[in-house]
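Alright, here's a single protein chain in two forms, structure 1 and structure 2, each given by itself as structure tokens.
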Structure 1
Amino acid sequence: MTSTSFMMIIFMILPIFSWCATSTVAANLSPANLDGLKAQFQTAMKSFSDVASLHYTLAGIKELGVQPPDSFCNDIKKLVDKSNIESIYHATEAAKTLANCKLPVEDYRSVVTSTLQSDKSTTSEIYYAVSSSVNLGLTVDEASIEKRLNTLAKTDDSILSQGYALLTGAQLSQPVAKFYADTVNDLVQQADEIDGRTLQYEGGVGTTALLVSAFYEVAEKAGAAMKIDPKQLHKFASYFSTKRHVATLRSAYYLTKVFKYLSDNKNTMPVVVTRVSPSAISAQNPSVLVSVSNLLGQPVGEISVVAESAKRKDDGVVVISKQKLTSKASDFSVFELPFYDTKIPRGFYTIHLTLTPRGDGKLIGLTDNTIDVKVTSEGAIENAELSVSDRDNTAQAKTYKLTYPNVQSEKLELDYHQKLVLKFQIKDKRTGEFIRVQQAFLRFTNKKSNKEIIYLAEATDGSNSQYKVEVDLQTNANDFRHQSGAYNAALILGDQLLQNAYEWKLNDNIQLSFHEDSQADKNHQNLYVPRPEIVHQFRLDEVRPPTVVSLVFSALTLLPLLILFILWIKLGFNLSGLPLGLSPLGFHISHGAVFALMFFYWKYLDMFQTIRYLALISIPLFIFGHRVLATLAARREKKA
């Protein structure tokens, strides 16, 4: 296959998969992946490494309606760390999920009490201690806990800390819970809005689910409705519905918990509208089936569904307006919309649905629900012909009429002076119109090597939409790698709006002859074999001169100093002109310090450190040197 043809195929196929992968637009909610959550918990129940995992697994599986066996009580007692408040919290919560599992209260009393009394306890530790106290039947001092939470709120205002404060308030008395329930709206305003359709908190699904669960718990304990705008609640639900898989047991547990709160008919409940029938509408599948449920997939009660409109995506033409759907189930969970009609042309359509519940229900998400469908048709290949002609058109072309799905039995022989041309049309059987398809290819297959060469069939402009493929054996010889021999040819057709794809073998015996020597096929398997290991080699150290050379150069460097000492010994020292006093002494000390600094620069210091020290030494050196020179000049004037 040529690289150009291959890329064309990829670009043609990708839009098909991208559309098919999305059955509804992003505004719709999706039912919770309860099977995935249950499987995650059941897998975790086979082995535990810590008591926290045990807690989240047992509590999560119980939220899904499965009662864990009491045999896990021994695991709880074995895994709990009696000196750690978080471990105690997980142990008491895990034990609460079992029908008969009592933990020894006195083993945990001291740690729980010290945590509640300590000024260093964090908000999460306060929550762990309060929950453990409630689970173990210990009394708590609400006044001191409330005071401690108020102090922590001033030093730690993170969203997770505020969530633990809500959970703690839900464990205390109703007045305290009511105080924290009044702060829910402020916490909702701190959520991050994504694309105008979802709300979440920093920290991901685990943190967001914990916070929303805390909203429900503290409101339930306060005996008041949760103070959150329905649109904001729907955005939280939209975020949770996108989480098909979660990484941790903690996130899975809180996600399961929040799904139950959002699906409780005592609370404001988001409605989930999904298409349960295939997206392709045809004579065999003429209706659209729509499911109406909560996030757990349960019915929401008696409700009516109306298709406000069904618009074609290409041009916005409305084909259905104000049509009521028919309930197909006694619990009003599935509705049917007849859609297939000879007047509705093939294409992609978006159906806008509006839901109206019976009575004053607490349902949200009743409008702006959309379903995507496509009307397909059956195609027919007509006016297909295969012709062989000279490249310069000097001789009359040989044309062969083809009929789908028959295979041409006559042998075709072509050499490098000729070309092969395929023409055909595709007709919509329902409307009788000639149509275009997204994929139309002519494929040659070498019968010996099974190598495939694919060419794109292009449609001509106009209403007839005739497709044409022209293969010149001279200009396209490189595609075949000049390999003469027997080939077969097949036509490949595909489209999202066609009920069936086509792979029509046109001729099973086409003999091609090229004038140049054949080239060997590229072994594409070599692209995936391991390459030789690249071993990095650092640059080798430069070769240093022999030690003798270094010693010689060092001796030459010290030679002027040696000459100075010899001349001093021979000529003698003259120290009579050296003035005495503080300035000469300071000058020589400063001068010596400069030489000492040079030594330190050579051994220890870098350039910038040396310059900094030299700037300090140069100040006394300049002052004392100036005074010494002034003293010597004054002596010369006096002698003169």
Structure 2
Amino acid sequence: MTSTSFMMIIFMILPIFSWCATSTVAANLSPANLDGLKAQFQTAMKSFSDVASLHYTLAGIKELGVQPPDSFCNDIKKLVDKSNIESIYHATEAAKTLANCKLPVEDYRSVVTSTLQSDKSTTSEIYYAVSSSVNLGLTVDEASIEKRLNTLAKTDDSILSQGYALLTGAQLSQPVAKFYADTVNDLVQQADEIDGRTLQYEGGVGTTALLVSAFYEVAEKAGAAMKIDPKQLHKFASYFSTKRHVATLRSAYYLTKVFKYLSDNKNTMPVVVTRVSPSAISAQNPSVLVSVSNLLGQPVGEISVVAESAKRKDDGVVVISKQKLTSKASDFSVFELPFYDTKIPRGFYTIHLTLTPRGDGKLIGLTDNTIDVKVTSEGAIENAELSVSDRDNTAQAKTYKLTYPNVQSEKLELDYHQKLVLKFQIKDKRTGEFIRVQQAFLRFTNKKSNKEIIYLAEATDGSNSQYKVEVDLQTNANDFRHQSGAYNAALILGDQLLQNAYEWKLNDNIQLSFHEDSQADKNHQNLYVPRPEIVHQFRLDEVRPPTVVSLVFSALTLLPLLILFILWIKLGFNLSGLPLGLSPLGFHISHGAVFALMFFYWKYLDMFQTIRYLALISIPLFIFGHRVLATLAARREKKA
């Protein structure tokens, strides 16, 4: 908080470009990052490790209008794996992009034919084989390939397989291509919609771009227009336009291809509307400049642009309605909307644009385009005054009037029983009303140590918005760490909608004297020193009594047993009445066995085993017990 550079960054950034965090994500498309794609291909061209990269790079750079040199022909021949159909496919495709590169057909013929005839080939392998055959000039048996594709369509319904089937169809004759072109709509239904705004396929940008360019390729071969709902095409375009950087060369190549298809005049084209003027509108920059193009940045022909409305973001006030923009370029690619007007107050605005092309409707994305701008204004600091007074307000306050940008010449000396008060107002130059700003700080800089102490200026409520900041040398002494000495004071003002920010040095020489001794500055470097090591402590054992105590008490517990026997003997325990015989004996043994089992349960067994043994013992116990008790009952009956 007290470093100068931090303050400088805030001072610079706020008035220039600041509302990225608050703007909503536009529904507009953005132009393709052609420079990025071209750079990606050119970096890859410096060295190749496999033939697939060669294919994608050479084909990609050719799509972007750069003809790769024939020297790559040798690289192709060197890197190709003659036994792998995919490698052969990439080699033939790469060779196709070069002006003069002939590959030895006989080397590949056997692999190509065996792939086409094998029952185990996947759809992608069929595509590679058919493509290679066409590129190498080999004949292709269309009927058997159609049959293979139909069988594969039943077993493999993954999206990529269907894409490869389309691409294969595009390589065959027109009726076949037409059959596949009719399946495009089904494939589009299988795409996933995100947020209602983009459509994509599982597998990322490479797969989606491959599929969409396959749609175009097969429609082109079939000679018919692509049957796709324009809204869905726009959603695909929206997905692609968000991909500024792609990771693999394969994705880059297919993305380039799809951008070219989407910018081709023959097909339905999504329109891209972007703002090319700076985002802040002011007297020096009074108009919004809008560019209209296709995804590759090329103009789309005669078109008229109307600003349906311009609404302020915080309260929805509409300032412009149905205003036509003027065309600034002859190719109808740049349009202007004058925005700066005394009737339009400062704030953030969203402009809704609608486009109307002159020709027939091959363009999509003509409505729902928005541009965000902000209208700023210049401010002026007024009625600034600095006053020095006693803390108790008893003495008369000495007030100095300040004018921006003058530095106060008087030297101020403040004691620990005084306070400094700064008051000011900021006026919007255009409307003349007093405004509030997002940042209003009073900064003191210790001249010797360059440490900064910053106070927030707060504004009163109401229309006159007077800012006030008070520094009391007794209550605020801690902020200064009681360091007496010479200080600078500066006022810092900034706001998103303020055209000019202020860093106004108020006074160069303020002498502050504090009551207590100065404290040393806190060394912030210590924050990054290693902390003391925390040694793990295991849970301490519970406190237990000494063994002696436990043993004594165990013995004490057995004492009452002695007392019991004594009492029983005194009472006359009738042992003579004990019946003798098998049953009583059995009873006593099984009863004893139960207690023994309890002991074993405690020491060795678990509940299940104990229950089982108990069940076992309880049978003799029950039988013998019953007999003994019956005998006793009979004896009692006899007696009575």
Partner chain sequence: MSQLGQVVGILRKLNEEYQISTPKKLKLIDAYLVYVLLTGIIQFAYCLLVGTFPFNSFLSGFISTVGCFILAASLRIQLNKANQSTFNVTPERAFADFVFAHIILHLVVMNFIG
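Counting starts at 1 with the first residue of structure 1 and goes up one by one along its sequence. Since this is a predicted model, take the numbers as computed values, not measurements. In this text, the rigid core denotes the largest set of C-alpha atoms whose superposition between the two forms falls within 1.5 Å.
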Practice task
Compare the two displayed forms of this chain and pick out the form predicted alone.
Solution key: 1
Problem - CA of residue 475, rigid core aligned, shift of 2 Å or more between the two structures - result: yes
Problem - Rigid core superposition, residue 517 Cα moves 2 angstroms or more between the two structures - result: yes
Exercise for the section: Tell me, please, whether between the two structures the C-alpha of residue 42 is shifted by 2 Å or more, with the rigid core used for superposition. Expected result: no
Completion exercise
In Å, the rigid core superposition gives a C-alpha shift for residue 421 between the two structures of 2.5
